[in-house]
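Below you will find one chain, with nothing else, as structure tokens; this is the form predicted alone, and questions on how it binds or moves follow later.
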Amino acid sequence: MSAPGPTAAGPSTASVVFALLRKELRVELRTLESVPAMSLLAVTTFVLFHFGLNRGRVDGDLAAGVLWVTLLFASMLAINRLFVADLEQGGFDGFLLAPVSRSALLLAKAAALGVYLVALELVAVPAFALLLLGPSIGGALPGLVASLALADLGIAAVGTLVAALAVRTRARDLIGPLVALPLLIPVLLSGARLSAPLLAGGGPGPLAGRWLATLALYDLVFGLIAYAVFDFLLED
């Protein structure tokens, strides 16, 4: 009896995610559609706050609120553009015809959005410190980086889900922020509560474990929700 021939197997999910992520980043490097616009919006907003508040520096709750609101609004630019190229250039149809896991697109898009957010923060946080905080941000950086990393996970999960939902609508530039911003209120609240002690005038205080746990739980819940419903959004 002859041995059975090899069975055709599709590529692994990890390889598909890596290929899609590499494509997303190459497109962004070539077109520069998202990250420069996000960074410019954030820096411009900090300049407006610098002159509008008419204060030499801000600290505590006010500083945390300015930082997180600005980052959240800047992230909307990337969320709105996340699936536009796929829709306009037939990427959705090509992906649906490929013998790969649908969740690979979710993971790749969320990872790409996370990279955009990190790039934004590399520009926005120094600009924020220069325009509104003064030179004393070094002691707050470790806690601020931890807070931003957890927040980026939540924004990436919610943003990818909302972008997939809104991209097929006519008013996607309006629907995206209207749906995403209310869902991201817990990220804003937790991030501001975590950052306020770090940006206090008397020197950085400790991170609040309760708000860290809240942010981590939010990331977990919305990550699972996005994973559960993404296939249905993609098919419809």
Partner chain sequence: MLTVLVLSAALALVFFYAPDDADQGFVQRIFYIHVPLAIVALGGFVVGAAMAVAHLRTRDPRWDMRSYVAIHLALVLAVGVLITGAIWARAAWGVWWDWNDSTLVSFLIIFLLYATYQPLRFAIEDPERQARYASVFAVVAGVFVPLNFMAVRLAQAYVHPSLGSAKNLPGSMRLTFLVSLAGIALLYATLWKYEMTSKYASAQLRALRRKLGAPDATARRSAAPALPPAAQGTV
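Positions refer to the first chain, counted from 1. Quick caveat: nothing in here was measured; it's all calculated off a predicted structure.
Here the subject shifts to the form predicted together with its partner chain, a form of this protein not shown in this document.
- Picking from 26-34, 170-178, 41-49, 65-73 the stretch near its partner chain in the predicted bound form, with a 4.5 Å limit on heavy atoms, gives 170-178.
- Proximity to its partner chain in the predicted bound form, taken as a non-hydrogen atom within 4.5 angstroms, holds for one residue of 208, 53, 189, 200, which is 189.
- The partner is absent here; in the predicted bound form, the one residue of 107, 140, 131, 164 having a heavy atom within 4.5 Å of its partner chain is 164.
- The candidate spot formed by 221, 225 and 229 is fully in contact with its partner chain in the predicted bound form: every one of the three has a heavy atom within 4.5 Å.
- With a 4.5 Å cutoff on heavy atoms, residue 183 counts as touching its partner chain in the predicted bound form.
- Heavy atoms of residue 19 never reach within 4.5 Å of its partner chain in the predicted bound form, leaving it off the interface.
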